[in-house]
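Shown next as structure tokens: one chain only, the form predicted on its own.
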């Protein structure tokens, strides 16, 4: 008889509720959970297909060692873990700790165990060369929050369910269901906004799925977000619409920006944004006139040349309009396990504390910009990266100029990957250590409770049992750390006590750390001193506990004066650089600007081996406006040659009038030809990698993140039968 197991989906930030019908180790079906307090019966196609990864015959179940011919053979776990530590340790001994690098992929934020032991692994490696998927699309948000509010995790959440005016910039939440915004079924939420008389305005270079739901769509020039937002702030300043007393009550340092913003040329801002000056003025007044309003920006903004400054400008607009910390505006969550408190631990949070060896780009939240990884492998000298450990990441497809990185992976002295598949990155590894599929682990949304539109807490047991010999993600990472002389948390005293406890027969796991965080957190039971949450309490509520709506105020701000700090040196420096030429992102003669796009059935690079998610007509096609296609002599279905500074390759073309003229769009996460021997479905729908065209020499002004939005390219019709890839 099948058992129905409720579980939050861990594939994206929406955290939708699922019901999995399970018999033994088989998942018979997956359905949306109508009783889930947040998603209420909604789930996207990825969530419904989650069991296909569990049953995928291409998914690795045993450690694999690469052979001389590039094939892989299984080996035993203890041997594999010993070899992993020996290989990393040997490079560290010969060349120093910084010769070993770590790359962590997006799934780490969906796995609380791996997230909690990451610091222990870093301490054991002893390297500063840490990179992550977050340094590809989120560092501007983290740095903005760190400087403004004192914690990278203090993220203002748009109060979409209570606002009257939602300004959505560089985001497509109808498809993503939110990014740094946990809000299942955003289409329904946005329709509810309009049904109650509210207004939705979407700013995007293309008429996205979210823009189709909007009252108004403004087709901005890629990279023009800072110009639009500072232009709106300037309009409000000039019109006397900024309450300085109210601003000074919640923020310090506004005077450092006021004169700078007033000095901006509104015509230059309009040119940089590609939006008429009058439209910027109208939008500013509509935003301020609405009873409540909120500006929300995400990946499209972060991935531009001045992504940190534009992210900051969105928060500043909310602040000067009186919307920051207000119901219907931008609010801060109060999660049960509060990651903001980790920012109080020395060394756990920051920006610019150290820099890359070659280019001198800064770290953000402990991660260096992944755009630098290839050059750190290529450039001789002390600290040259000679070994790499990847966890749940595919940087060959997710970093700019990925072909260059792939070439460097082949030259490493040693590489080990903790991953479910042999993919475009892990095929270069000497060892692949596959964790149990996440449905065989318990689950808690540690990170995304911080980004929720409501305060909720979910702790859910495993859906299926681990297979024989399988290990959880955290067990693999800790095993490597301990073999390198470290421990689970990276704090010698605590790790030593944990080892003693284990010898005495007591097993301490990340689950115990999580329980401590919850019990000592804002909703916790203080270890029995009051009524509140613990993991034991959450176990009584398998679909989670609703802790109420986000509350007004600035209580999440961790600066000692409890104010937002506007005038950080990093942000001011970025502003002054940008203000010298706000229109610098405009395309040159004959150039188009390449932007990415997110798709509902795609989860970055790693769900393309699921047949249900790649069925139908090919989706890895270059969208081009009919006017640009005519100039290039291209028709719908043609093959074109797309060329950037770092790459030239063939792409299939589809005409799409939803794009702003001068802009072309290609989805990210494809390019599976090299992994076809091991990922058969993905290989049969290979596509091309968007990031091959992204230039790793061009980085964001403040945090050094990759610039993946607004890549200058040229386009022409492919010569029949010619091979023009480069």
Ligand SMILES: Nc1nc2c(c(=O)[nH]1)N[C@H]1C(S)=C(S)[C@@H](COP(=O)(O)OP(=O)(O)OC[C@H]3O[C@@H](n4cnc5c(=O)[nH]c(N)nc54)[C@H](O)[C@@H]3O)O[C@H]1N2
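Please read these numbers as outputs of a predicted model, since none were measured by experiment. Numbering follows the first chain given and starts at 1.
Heads up, the form predicted in complex with the named molecule isn't pictured, but that's what we're talking about next.
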Exercise. Are any of the heavy atoms in residue 12 no more than 4.5 Å from a heavy atom of the named molecule in the model of the complex?
Worked result: yes
Problem set entry | Partner proximity in the model of the complex: residue 510 to the named molecule, non-hydrogen atom cutoff 4.5 Å | no
For this session: Please check if residue 458 has a heavy atom lying within 4.5 Å of any heavy atom of the named molecule in the model of the complex.
Result: no
Problem set entry | 4.5 Å heavy atom contact, residue 598 to the named molecule in the model of the complex | yes
Exercise. Would you say all of 46, 172 and 176 touch the named molecule in the model of the complex, counting a heavy atom within 4.5 Å as a touch?
Worked result: yes
Problem set entry | Region of this chain that lies against the named molecule in the model of the complex, out of 222-230, 478-486, 642-650, 330-338 [heavy atom, 4.5 Å] | 222-230
Exercise. Of 159, 137, 495, 363, which one comes within 4.5 Å of the named molecule in the model of the complex, counting heavy atoms only?
Worked result: 137
Problem set entry | Interface residue in the model of the complex among 524, 150, 107, 87, criterion: non-hydrogen atom within 4.5 angstroms of the named molecule | 107
Problem set entry | in the model of the complex, residues of 291-321 near the named molecule [heavy atom within 4.5 Å] | 298, 299, 300, 301, 303, 304
